[in-house]
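Take a look at this single chain, the form predicted on its own, given in structure tokens.
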């Protein structure tokens, strides 16, 4: 398969290219796309590099997007026009951008995940089980990332919060507790730390007062996200029906 790496000059670019090259199957990079190529055309390595998707008219089986949420709408317009599936790994989308995702998914296969780690997908599943087992427990979510990360909380922290709410509908999320007052029964705290070069750590703490269960995932290298992204891109390219696909679908397909 041929993949377009969108956001290839960013933190994940080199990792994604390496993941494609090292993946099982006859996969290759069709093009590297990043706005940075306007100012730094030498960045990108041996593959064709473009500053905009509109500059590339070649063949591709899927677009792997690790750029920025502000490119969501033009990216999806390009993908829909050319009927190319998309693996969307950016977070922080506005309501308008989320609506564009829903609209595009009605026309092309579109895979979306806040975190491409299979470990995080497993963590979300474990969180649902634990919250079900301890219906009255206090729950806190703590996430740590590098000091250059823009969105707060992380998309993965919000995905974990969604996993909690799937079981505990009354859950009320409090992002960064900053006022005096007792903790409310339905409250679930979400806390964000930005430290140095931390790749990504997510922790869900569940306590009843008599016992505490801590569920944690730690990414040691960005390669884990690149490997998951390529696996998801292959899965998305294989889909024959338009729709919004998730890590749950990918995990189910791997069983």
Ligand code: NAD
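Positions refer to the first chain, counted from 1. For clarity, every value in this text was computed on a predicted model and none was experimentally measured.
Unshown form predicted in complex with the ligand; subsequent notes refer to it.
Stretch 111-119 is the answer when you ask which of 168-176, 111-119, 78-86, 96-104 has residues with heavy atoms within 4.5 Å of the ligand in the predicted bound form.
Among 198, 51, 223, 213, the residue placing a heavy atom within 4.5 Å of the ligand in the predicted bound form is 51. The shortest heavy atom separation between residue 19 and the ligand in the predicted bound form exceeds 4.5 Å. By the criterion of a heavy atom within 4.5 Å, residue 56 is excluded from the residues contacting the ligand in the predicted bound form. Within this chain, residue 206 is remote from the site of the ligand in the predicted bound form, having no heavy atom within 4.5 Å. Under a 4.5 angstroms non-hydrogen atom cutoff, the ligand in the predicted bound form lacks residue 192 among its neighbouring residues. Counting a residue when any of its non-hydrogen atoms is within 4.5 Å of the ligand in the predicted bound form, the hits in 131-161 run 149, 151.
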